[in-house]
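Given next, in structure tokens, is a single chain: the form predicted on its own.
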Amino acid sequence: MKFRNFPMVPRVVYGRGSFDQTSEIIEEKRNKERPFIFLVDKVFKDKELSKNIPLQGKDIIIYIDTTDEPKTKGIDEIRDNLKEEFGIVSGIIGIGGGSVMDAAKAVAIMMNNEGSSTQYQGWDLVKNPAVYHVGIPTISGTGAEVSRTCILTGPERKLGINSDFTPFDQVILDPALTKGVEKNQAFFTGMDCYIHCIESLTGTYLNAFSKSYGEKALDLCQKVYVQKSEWDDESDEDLMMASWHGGMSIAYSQVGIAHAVSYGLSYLLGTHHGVGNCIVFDRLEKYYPEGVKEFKYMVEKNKIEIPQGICKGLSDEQFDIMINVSYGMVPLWENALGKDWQKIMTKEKLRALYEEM
């Protein structure tokens, strides 16, 4: 048996206020003739965080509209514009949630790889190392800050660039940056982490390495969402660590049914990742009975409304599109149901599942 030699983020800074060290941290990678490019969630435009970004020389901020999740076309356009204006850059720094993290990783890869980002959607297709790239999350749950994938929606599919060159070279974890996130958004993103844990810990790909990370992440999610009566600074810190450990768990195993099915929703309907996972997971009692029971309790406790009826009125063609996108996530289905997963989750059963949502 041949074991995979997965990369990890080589450098990470953790601490409340550590964002203030960004300039110092990236200085050793700075070439004065080549700018750093800061990809920042548009929600921070004209806000205090943007004013504190340590721009020098030719450095620029590109604000990312996260109304929609990253698309291959948008990544290619950013790469082409940067190449035309600067040629070579010192690095790419992503500041925001999972969508911005994924955009930063994708742009960093595409700066050193030719063609369209659609060519690299899949597993281990990237030929050349990415430029230096840094992740600074401002919301916790996706695990994008630590994962070896960046999820992109292309003209034909929603699929990540999964490669050894995808992980960040540096991550700055500052719990203070997550303060003030809108309640529903924070919950849906936190549940992304919770669902990561359930899918990893119950999957066929589970091993001792991923199990140790997944169990710790699950404990922290339960502490934040089940045991505690109100949110505080410790909750921000715990969820940031849960996100990190959850991302590590799936890096060495895989996610499962909720993610596979939600990709179809996202591709066709534009449903955001965290919301989509919750919509699907809410219907998966048959496959994850204990996890779904606890999930429903957390939803009720936090007074969250899961969107309903989003697939109502879709045509046969539209259902087929979602099914085909979902069916393309083979490793996810194998992790959840084993090698014979297509016999268990037939296209007819998957259609019926979508019809419930």
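For clarity, every value in this text was computed on a predicted model and none was experimentally measured. Residue positions are given as counts along the sequence shown, with the first one as 1.
This protein has a second form, the form predicted together with another copy of the chain, left out of what is shown; the following refers to that one.
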Going by heavy atom distances of 4.5 angstroms or less, which of V261, I75, I151, L220 would be at the interface with another copy of the chain in the predicted complex? L220
Checked M241, L82, L268, V126 for heavy atoms within 4.5 Å of another copy of the chain in the predicted complex; positive is M241
Close approach of G15 to another copy of the chain in the predicted complex, 4.5 Å, heavy atom: yes
Please check if F86 has a heavy atom lying within 4.5 Å of any heavy atom of another copy of the chain in the predicted complex. no
Can V9 be called a contact residue for another copy of the chain in the predicted complex at 4.5 Å between heavy atoms? yes
Would you check, heavy atoms only and a 4.5 Å threshold, whether Y252 touches another copy of the chain in the predicted complex? yes
Which of 96 to 104, 201 to 209, 152 to 160, 114 to 122 sits within 4.5 Å of another copy of the chain in the predicted complex, heavy atom basis: 201 to 209
Who in 161 to 186 is close to another copy of the chain in the predicted complex, meaning a heavy atom within 4.5 Å? D164, Q170, L173
